[in-house]
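Below are two forms of the same protein chain, given as structure tokens: structure 1, then structure 2.
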Structure 1
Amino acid sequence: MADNRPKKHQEDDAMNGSKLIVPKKPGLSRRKAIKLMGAGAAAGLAAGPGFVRYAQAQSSEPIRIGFQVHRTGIGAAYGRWYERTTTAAAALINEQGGINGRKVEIIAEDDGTDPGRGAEVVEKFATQHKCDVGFGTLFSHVVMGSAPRAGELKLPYYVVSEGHHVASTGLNRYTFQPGITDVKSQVIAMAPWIAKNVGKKVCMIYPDFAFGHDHRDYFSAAIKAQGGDVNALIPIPPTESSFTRYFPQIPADTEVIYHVMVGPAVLTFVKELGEHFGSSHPALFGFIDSLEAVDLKSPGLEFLEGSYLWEAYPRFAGASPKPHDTFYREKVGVDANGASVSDAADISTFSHMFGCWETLFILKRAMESAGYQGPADKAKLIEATEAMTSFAEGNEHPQGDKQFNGKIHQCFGHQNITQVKSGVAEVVYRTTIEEGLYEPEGDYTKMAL
């Protein structure tokens, strides 16, 4: 598939290993194969168990992971960093011996951030590429368009989205979201802090598709439970390129503007919001989605000073980063400010892309628990994933520890509220996992496989 991204981004990603190609070995004659096996065994005795595991991986068919990536469309900024993170995680897994002694091969297909094309990509994974699983989808409308086809094809489908669509149990047993929390959990966890520290009369500005609707529905309920009120709902088409005409809809008595825009025009959105209000404006609480891949020190963003942001994984490492945070940043090629190590102006989608890293390690753990060897073991893989209950903070889960509910195929983790100070977002509150828990709405494990 042609890579239509800017040449600079192609070069940067190539330097950082984001093109994972696992070449297929040409066929060997039986005589040569026996010779190689004998040589490998002898070397293994000399080099130890690790070598034997590596040799086994080299002589087996790879685990094929179909990576559904938003290379084009409104999710392209996320897709580029999702791809870079996925490649880094897969490379590390292969360095460690692969999965069940088999190498991981990432097979990427661009879905154009389009639901219809997403379903076509899922079908290609299952029928053309013969993938073991599908993985990686971010934008919720693409998940909603793709997951039904994954269920029909019985392709285990591990998404890295955030929408409540998986946890609602409205999809199918083959669809999981184990490495990143959903919007319902996020807003339940943060609403008490917002009501107490920022304000209770909230105007919401959100994208007019499933992800934005989750914010609209679940935050409205969460802030009401804290004695607050949403005084206006302003949905904006996700392909909108200018936003000035929406801002007069913000009521005069608004205490907090809650913004959660996504897509290529996010910088325009926050700049125009600043131009509309000037130095006098309600308090701002934004999901980092409105500023992902955007330098907080960009001209025109000065009005964000003192505003608050939600971040799943804080972009700025702070003065005392944990060892696993440093490890993860080094592997994905991101510095302490959340920018590419090769270009300080290339800001990552740091608060979301970790989900790719963590989900791949969860998939590795599930496959090893299931003793996964191939398509005949898909049911075992589903059940092994559902049987998980927690993930410990560390190199495989740098964002933090998590609980997993197998009944709804959803994980629950910590949320971070940061405040912009001189162009840097500093953590002012980190929620507990318990603050984001809610009662399951159904049970995927009761569905047939």
Structure 2
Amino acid sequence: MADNRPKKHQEDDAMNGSKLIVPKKPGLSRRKAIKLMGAGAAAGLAAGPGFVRYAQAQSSEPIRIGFQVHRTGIGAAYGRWYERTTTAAAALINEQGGINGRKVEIIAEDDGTDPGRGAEVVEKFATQHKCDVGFGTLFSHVVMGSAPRAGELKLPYYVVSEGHHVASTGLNRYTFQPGITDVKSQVIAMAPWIAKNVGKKVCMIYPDFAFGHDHRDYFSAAIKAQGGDVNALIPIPPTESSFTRYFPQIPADTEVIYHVMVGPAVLTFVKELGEHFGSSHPALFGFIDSLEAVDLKSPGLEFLEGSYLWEAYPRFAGASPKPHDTFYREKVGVDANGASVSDAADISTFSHMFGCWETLFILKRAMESAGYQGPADKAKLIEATEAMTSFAEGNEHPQGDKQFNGKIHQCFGHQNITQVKSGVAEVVYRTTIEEGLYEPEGDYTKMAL
């Protein structure tokens, strides 16, 4: 290809590794477009405009972390706490001298918990704010909508979502989830304990969309592997606000009800379940996702007494918390009950937001081992992240130690099963990391950078 464009553009293309189309004969769109605009389009394609070179970051400039936050929309309750945790972690990193001697600056933009706007926000981080990385997305659909844009714009993108999307290797080389275990691993890790201690005949109640389907598929397989059985599947459409009429579908021989409802209607769900069963009911096992940001002592939740919950990071510190747990709570501003220190009624999303904290410290470590100086070192940053294998428990990883699989860009940690006793969830079992491991489904490191 005879590229007679200005040298700068050629360099930019080389740097971005992008392939322009190769015009073998003139005139791409020969139809109406040409009639309307002359041969302009084809000329424009060859000329390759639009690329403005990244300003070479000075070493005194801060490292800019684009934080995609759900301030509005369905994820707003989580977004608020993600933001608090992120701010606290960034402040701590800066106190400790920043990353490679540079301060960290968090640039937060609301994505409305909308995949369309999320993609735009990623574009804005990469090209307008000139961020070094994108970070912090929770809701899976926003991750899915944004990740392709991050991949194209070659913006390293660290999500905190617990979805299986990253580990499925269906995204791209630039998208990571190093700070929180994915749902497939969570579910696999807990199935053995449930089968052994709670019951083998499981009735699953889950939202009828991707998040619920992940639970359905992974848990059904995992419980069967334990000699258990899912005796009924009750999918609930996302538009539902009352659940009473679904409960008669729960078979009488059910030993465990496994529920993973999410969204604003979950309290109703638990209350109505309580009204349906009264005091004699099958054992309950639920994901804390249903009750994040909700007080376990809320009216109507008495029914949860004695039931089991999955928690990534137990909300209640318990009688003898570890020093790094106390340290983390203090820095974020959360008390031993997982509520805000300034308002005891303001409950945090404790089992998810630690992911923001840990991801930022992982980013720091990756940038330091890559000797990261600016966007020109992006490839080195990606490779340094992929090269990591484990994270040790401590102030930087208060939830616990983790393994990281660089091939699938996903970390694996311990899961906690807690039981509600007088409105307080106490840990009854902590899974090992090995219980949550599964065969990798692909390999990101084979993709081009």
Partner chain sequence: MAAAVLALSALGLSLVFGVMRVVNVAHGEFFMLGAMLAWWTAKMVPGGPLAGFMAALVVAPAAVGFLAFLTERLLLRRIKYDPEATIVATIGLLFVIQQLALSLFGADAKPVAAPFTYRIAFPWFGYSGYKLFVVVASVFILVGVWWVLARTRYGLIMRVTQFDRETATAFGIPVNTVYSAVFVAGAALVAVAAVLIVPIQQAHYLMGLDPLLMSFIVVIIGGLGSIKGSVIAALIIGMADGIISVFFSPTLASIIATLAVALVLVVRPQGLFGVTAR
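Just so we're on the same page, rigid core means the largest C-alpha set that superposes within 1.5 Å between forms. Since the structure is predicted, the reported quantities are computational estimates derived from the model, not experimental observations. Just so we're on the same page, residue numbers count up from 1 along structure 1's sequence.
Here, the chain labelled structure 2 is taken from the form predicted in complex with its partner chain. When the rigid core is held fixed, the Cα atom of residue 342 travels less than 2 angstroms between the two structures.
Relative to the superposed core, residue 357 shifts its CA atom by less than 2 Å between the two structures.
Core-superposed comparison between the two structures: the C-alpha position of residue 251 differs by no less than 2 Å. After superposing on the rigid core, the C-alpha of residue 210 is displaced by 3.0 Å between the two structures.
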